[in-house]
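Listed next as structure tokens is one chain, alone, in the form predicted alone.
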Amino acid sequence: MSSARVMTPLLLAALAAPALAGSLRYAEDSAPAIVNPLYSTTMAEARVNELLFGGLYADDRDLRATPLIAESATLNATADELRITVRPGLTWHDGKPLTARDVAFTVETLQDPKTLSTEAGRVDWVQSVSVVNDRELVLKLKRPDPQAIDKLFFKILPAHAFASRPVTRADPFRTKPVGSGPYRLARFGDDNSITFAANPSYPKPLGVSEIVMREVSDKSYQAKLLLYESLEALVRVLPRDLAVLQKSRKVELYPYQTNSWWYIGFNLNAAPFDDERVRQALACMTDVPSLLAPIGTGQTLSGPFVRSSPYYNHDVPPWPHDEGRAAELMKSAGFTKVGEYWSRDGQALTVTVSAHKTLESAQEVVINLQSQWRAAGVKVDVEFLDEAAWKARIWKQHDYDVVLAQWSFDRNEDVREQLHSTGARNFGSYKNAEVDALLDSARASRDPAARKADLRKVHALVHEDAPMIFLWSLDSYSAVSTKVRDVVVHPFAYFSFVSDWKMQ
């Protein structure tokens, strides 16, 4: 059989589909499973949320917090009460007015434990909310927080669009979302595409009349589609495609830094991963630079922050690739080498590594990790889960050994949900009382220097406990057709500045 690639029906269909005037098409490996900011867990879902919904505040181009839905937000003298005034004249996509009651509904829904929102941590600093009138509300804070305005980036939802509470993932809103963002959902396509039409009521004129999300599961075709002018944007370019795209006069590359990092995460409720010596040994069996090299460039990490973060502890080096040290740790945990593999109580150590099907380049990383750990004496199985299985097995049932995944953060770099023993995203069941206290202290601190000191201590402690092997933050490039002008890519949320983009 020839090794040459052939044009698949998917690619042929994509090439045959012309763009409408003013239409911008971008690719996702997999279409979002849900359109509801209460339950977002993937970057594809986050990008859709940026198009459809607005927050009280948003970043400007200098990454300064700037009012969006809010007209203003004012802290009292003791920094424990926040008075918010909603901008006048705002409407939802269905024409109904956006009021302070919608903001209160959003906060209360996020906080309701029956909602089971993955985003609940965004408002867990709020003690209570009271509506003054249609344009004003007051948030009582659990503790003084002079940086509270920087936490007003969560997406606001329309109270009238939900028939009852508690809100659930199955609510019809997931396929009939109503937002206030620059684009409204126009239709779902039979090919899993989603079309977004410009919001005519948006406070500023939009330079792109329509945006279409196209599902292109094979990333090797995405760059081709851009070159063939069947797409106008790639969110992230594969390293192997950079050289070709750089040579094209039809494409402009935009470098951007992401506030995200990859990790190998352990299930601390499952033996032997409840033993930190085993986790540390597996860290020493992992040659992180060799895992990174085939998928791109980036910075290797030793803890839960990117290297440019003020909270990154540069005094803590990454775990070394040191099989001698790994062997010592395995022996101290009661394992002996029997033939090729480490064994305990007559059983060879066998690990299943799970990854999400849509995690870019995950297959290359997992296969190379499997090779490294097998060479070091660990039997390794691999599995790639779809969205439903990932949420059920990993998030809800905690039925796994090890995951390869990534976390992405906004400007606040709040890792509490991932690392606190009560964190909503701590599905690995990590517990350290000192880390909990430091995370609580950092969140409550009014002193930026004290917060930095607390989180650097968290970095050091979590590194030593090794509930995760921290891998890297990737260097990223977006590729956009030269037909699109005034493009600025936000480092945390791709479409944050899309209202400034213009089509020729």
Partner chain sequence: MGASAMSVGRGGRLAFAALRRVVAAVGSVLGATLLLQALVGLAPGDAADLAANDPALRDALSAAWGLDEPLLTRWSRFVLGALGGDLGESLTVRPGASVWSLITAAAGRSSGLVAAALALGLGLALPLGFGGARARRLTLVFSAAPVFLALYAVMTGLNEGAWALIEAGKMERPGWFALPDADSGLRWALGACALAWGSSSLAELQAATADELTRLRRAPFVLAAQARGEPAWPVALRSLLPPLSEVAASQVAVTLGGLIVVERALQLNGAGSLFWQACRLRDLPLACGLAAAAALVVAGARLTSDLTRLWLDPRLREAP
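Model, not experiment: these values are computed from the prediction. Positions refer to the first chain, counted from 1. Rigid core (definition): largest C-alpha set, two forms, superposition within 1.5 Å.
Not pictured, yet referred to below: the form predicted in complex with the partner chain.
Residue in contact with the partner chain in the predicted complex (any heavy atom within 4.5 Å), chosen from Phe188, Phe162, Tyr202, Tyr341: Phe188. In terms of contact with the partner chain in the predicted complex, the residue from Tyr430, Tyr221, Trp319, Phe105 that brings a heavy atom within 4.5 Å is Tyr221. Looking at the partner chain in the predicted complex, residues Ala333, Arg374 and His463 place no heavy atom within 4.5 Å of it.
Contact annotation for Thr175: at least one heavy atom lies within 4.5 Å of the partner chain in the predicted complex.
Taking the partner from the other structure, the partner chain in the predicted complex has a heavy atom within 4.5 Å of a heavy atom of Glu229. The partner chain is not drawn, but in the predicted complex it has a heavy atom within 4.5 Å of Arg214.
Within 4.5 Å of some heavy atom of the partner chain in the predicted complex lies at least one heavy atom of Ala388. Heavy atoms within 4.5 Å of the partner chain in the predicted complex belong, among the stretches 129 to 137, 191 to 199, 366 to 374, 322 to 330, to residues of 191 to 199. The partner is not shown here, but in the predicted complex the stretch 38 to 57 reaches within 4.5 angstroms of the partner chain through a heavy atom at Tyr39, Thr41.
Remark: with the core as the superposition reference, the CA shift of Ser72 between the shown form and the other one stays below 2 Å. Core-superposed comparison between the shown form and the other one: the CA of Ser230 stays below a 2 Å shift.
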